[in-house]
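The chain that follows stands alone, in the form predicted alone, written as C-alpha cells.
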Amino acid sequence: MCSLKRTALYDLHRELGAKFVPFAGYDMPVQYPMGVKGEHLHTRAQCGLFDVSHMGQVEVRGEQAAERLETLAPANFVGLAEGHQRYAFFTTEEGGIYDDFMTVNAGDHLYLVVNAACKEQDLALLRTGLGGDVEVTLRDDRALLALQGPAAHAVMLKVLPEATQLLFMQHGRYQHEGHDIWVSRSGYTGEDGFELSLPNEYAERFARLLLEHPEVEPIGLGARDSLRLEAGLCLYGNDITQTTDPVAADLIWAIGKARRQGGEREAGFPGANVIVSRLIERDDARRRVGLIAEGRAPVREGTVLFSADHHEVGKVTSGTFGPSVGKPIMMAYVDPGEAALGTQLFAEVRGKRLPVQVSQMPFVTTHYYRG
C-alpha cells in the first residue's frame, strides 16, 4: 500500500485535534472537534480556515501560453486581464470534461489551480498539449489555504490589509514577513473569502496568525463538501466527469464567447464539434439540477430518481444534509422534461421512494465580494 502524502500543515492539524481520511493520495483532515455541522455553520456565520494544499498549483510560462491553453480548454484565456482569475475546464475529444480548474493571469505567466485527484494527468496533458516552448511547472513547494466566511475581510484587514482591495475573482501578490503570498479573492463555499498560496515553510506560521483571531476556526473536508453543495458548485468526479458535457452540466457560461460559433477564435479545443453542436441544439440529454427533500435523511450520490408515473428519470451525483438550508439537498442529472423548478420527483432510498423537488441553485444566497 502506498503511503499517503502530508501537507505542510499536518502537524498543526494533529495539534488541533483533526480526524484524518485518505483523499487524492493525501492524509487530509475531514473534521475537527467542532464537528462537520458546527464547522459548516461557523463558516457561514463567521470565518473558516481550510487547508487545500493537496490541490495542484501550476505555472505555465511562454509567449504563447494563453493561446496554447485555448487548444485544451474552451475558455477565453487570451482576453483574461492581468490580475484576474477565471474558471475553466479541459475537454475530451468526445466532448466531456477532463478536469476543471482556475486560471490566473499573473502577468508574465499563467497560474493554474487544478484538482488534487487529477493533478498528474493534468500536468501530462499540459506538457504534451502546450508544446516544448511553453514551460509547465508544478509548484509543490507552496501550500494553499482558503479563508472563507463573512468575517474573512475583517480578519485579512488585520493580517494582510492590501489583499482586502481585491474584488471577487481578482488576484494579487504581496509580501508578508519577507515571504511571497499570492492571494485570489474566491473560494468554494459561496461566501466571501480568499485563497492564499504561500511557501511550505511559512504555511504553519501564517495559519497560526489567522487562527489567533477568535472569528477563525479550522475547517475540514466534510464541511467543505456540504458548503460547496449548498453553493451549487460542482465536485469533479461526482457532478462533472469525462462523460459529462458542459451543456448538460449547465456550465455554458464558462465557454468564452470568442470560442463559440461565430466567435473570433471559434472552437479549436478538444471535442469542439460535439460541444458547439450541443450549444446550438440543446438536445434531450439530461440536465444538472438542484433538489431538496423533506425530512432530515440525506439522499446520497448514486440514488436513482423516478417521475410521478414511475419512470426512471435521473440520478443523484451529490447529496447531503444542508445545515444552512435545514433540509437534505442534492445535485442530480434528470431528463429535460423533469428539470423545471418545482417538479416533484421520487428518490429511491432503501426500497422506499421519497419525494424530492427540483430547486433553484445555489441553495443559499452567495456573498461574493464585488465591491
Partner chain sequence: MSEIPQQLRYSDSHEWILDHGDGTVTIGITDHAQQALGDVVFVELPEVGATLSIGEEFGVVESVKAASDLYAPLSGEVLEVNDTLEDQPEQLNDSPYGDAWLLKLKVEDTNAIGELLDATAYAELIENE
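Residue numbers count along the first chain shown, from 1. Not measured: the values here are computed from a predicted model.
A second form of this protein, the form predicted in complex with the partner chain, is not displayed here; the remarks below concern that form.
By the 4.5 Å heavy atom rule, the three marked residues 5, 53 and 173 all fail to count as contacting the partner chain in the model of the complex.
Site annotation in the model of the complex: the residue of 36, 49, 65, 58 reaching within 4.5 Å of the partner chain with a heavy atom is 36. This chain is displayed alone, yet in the model of the complex one of 139, 287, 300, 179 has a heavy atom within 4.5 Å of the partner chain; that residue is 300. The stretch in contact with the partner chain in the model of the complex, judged by heavy atoms within 4.5 Å, is 315 to 323, chosen from 315 to 323, 302 to 310, 335 to 343, 65 to 73. Taking non-hydrogen atoms only, residue 14 never approaches the partner chain to within 4.5 angstroms in the model of the complex. Among residues of the shown chain, residue 353 is not one whose heavy atoms approach the partner chain to within 4.5 Å in the model of the complex. When the partner chain is considered in the model of the complex, residue 186 lies well away from it, no heavy atom lying within 4.5 Å.
Interface residue remark: residue 158 is not counted as part of the site for the partner chain in the model of the complex, having no heavy atom within 4.5 Å.
Contacts between 209 to 237 and the partner chain, taken as any heavy atom within 4.5 Å in the model of the complex, involve only 226.
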